[in-house]
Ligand code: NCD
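Take a look at this single chain, the form predicted alone, given in structure tokens.
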């Protein structure tokens, strides 16, 4: 039995009939739709365990499917943090229970959190994890590894075990120094001053140096500044195995968002001056950026609207991931081929995901306004609300199952 997708347009403009093996025969009349490989989001926070009031894998999987995403890599800064094999297995059990409830067999892999008390767990978990996640700067949760001896050991063991090292690269000491200089400020915009581009660049430089020294594969998450890009370009030219991820909010938002959103605009690393957004687009064009990861990090609106210092950082964004990029395609910022490379091909290569038949059928001509009430994330808000985007997913096909997104 097969799913027969009739008259669908391919990337090169041809109309074809495409068949996917399935347990149920089905015909999709896809005239006017374009077929892309389903997306991989290498950077999500589905908040299980410990913060299920923000998101669960039941709501998160629906949000993913709504955005054409069928594979995710989930971060370890949970409560408790996922820093041991025992906690990893307990988390997987909860995930499976919640995915059964949702009826969406989302493909996933989990990161192990780097913790100096649990370095022996890296070898125990290496066959199943997406990588070792190191928080060089503080963020949500209790995972922070910022002293040089611990960082050295983490990189050494990861390289020895053949484990990818993913870093949240912000220098904690510089962050704290900047914070001490601006204690009188309570406006949200000071967040971008405290977590400065210099703090990011200093941490990226150290991560690259450690990766070179120990021969580790390095994945730098949510690159946000010109300074980081210069270091990454130089490292790539020198033959260092370093990959760069950018988050949608650093492409589509800048510091001006604080004026309208206040503390809702808080994210780590923070929104930057517009020139950094432009530099990131250039880095996509020249191949410096390897992947786009949403850093889908939902918090409730009540939490986000707290005063600065009490409001958490992070945005929900996985279900708008593809539409934001398709709209950018219409604005001539990116090609469909680049979207496929950044959201499917390169993540699959870097993380070693197997080839599968998952696809997303998109309506490139459809124009729709983002409406918080229609979002599937449990958080039910977005920093992009009200924006009108052209290009939306219509069907997501995961493991031989068709999800009609108008009925989700």
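Residue numbers count along the first chain shown, from 1. Source: prediction; values computed, not measured.
Separately, the form predicted together with the named molecule exists; it is not shown, and the next lines address it.
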Looking at heavy atoms inside 4.5 Å, which stretch does the named molecule contact in the predicted complex, given the options 142-150, 94-102, 307-315, 334-342? 307-315
Contact residue in the predicted complex, from 87, 222, 272, 202 (heavy atom within 4.5 Å of the named molecule): 222
Considering 319, 295, 290, 228, which brings a non-hydrogen atom within 4.5 Å of the named molecule in the predicted complex? 295
Taking any heavy atom pair closer than or equal to 4.5 Å as contact, tell me whether residue 135 reaches the named molecule in the predicted complex. yes
Do residue 268 and the named molecule come within 4.5 Å of each other in the predicted complex, heavy atoms counted? yes
Residue 196 versus the named molecule, in the predicted complex: is there a non-hydrogen atom within 4.5 Å? no
Could you confirm whether residue 323 comes within 4.5 Å of the named molecule in the predicted complex, counting heavy atoms only? no
Select from 23-46 the residues with a non-hydrogen atom within 4.5 Å of the named molecule in the predicted complex and write them out in sequence order. 43, 45
